[in-house]
Ligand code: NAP
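Let's start with one chain on its own, the form predicted alone, as structure tokens.
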């Protein structure tokens, strides 16, 4: 176990290259594993401070977009070296602030590093296309141009990697940014901006404001913001899109949760199926947008699968995130405990057969934190059952039987979400069937439904996203494609046979 003792971090905004105390009220970031421990004390941004941040980004934009793309990439190379040097300290801070176990935190820091390395690598790749013209004397080009100022609003559960998914492509392509980290993880957000400062990003190119939802709404309502990049709940994402709908020069990329699932087919290897399902359901205590709230199991394998799944879930080591032996840690806060407990009770009321009765852990080792144990139940799929259609965001999972692959696909699709899917099978025809028939943005075969890699697009369909995926896929959002046609002839000749005779 890693012993950590530290004074609370002094929280500050970062505007125009300066760290500022902030004029607003203060709020605390606390350790969800030891709620008595204060990680830091941070300023709630005022309307004036949000305005200053947007002004700073707008002022920095003309010079930043005119810099060499290669120069911008070199700053990311410097950032990569800093992240490598600070990996362990960043992981410990993250474990203390968001409650993820150290192994997951280290993996997230590496994921953020991979995004930075990916961005650096793309800088020397083509940023446009050369196309043929109908007219021999013409050259036609398509070039990517930055959009302007981006508001980056990120969640607590991936407080380092997800911001870099958004910040990396945005900054490389010449946009400037106002970044608001989650109010549950402001310390790791501030630590990330400090690294960007050390890497040499010019004043005003990246700006940081702290605060709760009202700060994010101020950013979204500002018409000078050209891009809103958001990961979080559907309710907040839908409001962002609603506010932005009337703005002429505004693009939104919203990733908004899921009711993801693992499908265990009749021919599945059960050892692999159980392991994949445990990781999908309970890593990060089920607090990933891709976490599996449903395990769909072929009826012939359900009894054996359920027994082995519940036995393993019962043995999971749920404890201090700084203890290397812990499989998972607490949920983020008291509100999460209340929500998960509500859905546990709802599953009982809707006819679920409880196989493992999880709930708040109140023994001596867990009493000071927001620890929840796994809740597992068996339930038949039926119309209108809320517990198997709504996102819980906790260690709450339903085992649902099916008889045919067609039925499994129908059950999987019977939610408002469509983010992540895992299929456990040895049958290549079944793999293709689920790939074609299910609504998802990320699919896995003989793997958990978690495990994104940065060079792939991250996003979903239906309520899970709005068609603008994050990570590598974000370049399509943070730039716009501009056509550029050049005539090398001595006279004007038009496409489509359009006449140019002026007489």
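Positions refer to the first chain, counted from 1. Fair warning: this is a prediction, and the values are worked out from it, not measured in the lab.
Not pictured, yet referred to below: the form predicted together with this ligand.
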> Just one of 108, 391, 173, 320 has a heavy atom within 4.5 angstroms of this ligand in the predicted bound form, so which one?
Replying inline: 391
>> By the heavy atom within 4.5 Å rule, which residue out of 419, 424, 261, 164 makes contact with this ligand in the predicted bound form?
In response: 419
> Which of these stretches, 80-88, 266-274, 346-354, 217-225, has heavy atoms within 4.5 Å of this ligand in the predicted bound form?
Replying inline: 217-225
> With the partner left out of view, is residue 358 within 4.5 angstroms of this ligand in the predicted bound form by any non-hydrogen atom?
Replying inline: no
> Though only this chain appears here, would residue 96 touch this ligand in the predicted bound form if you measure heavy atom gaps against 4.5 Å?
Replying inline: no
> Should residue 143 be counted as a contact of this ligand in the predicted bound form, where contact means heavy atoms within 4.5 Å?
Replying inline: no
> Even though this ligand is not shown here, does residue 232 get within 4.5 Å of it in the predicted bound form, heavy atoms only?
Replying inline: yes
> Going by heavy atoms, what in 110-142 lies within 4.5 angstroms of this ligand in the predicted bound form?
Replying inline: none
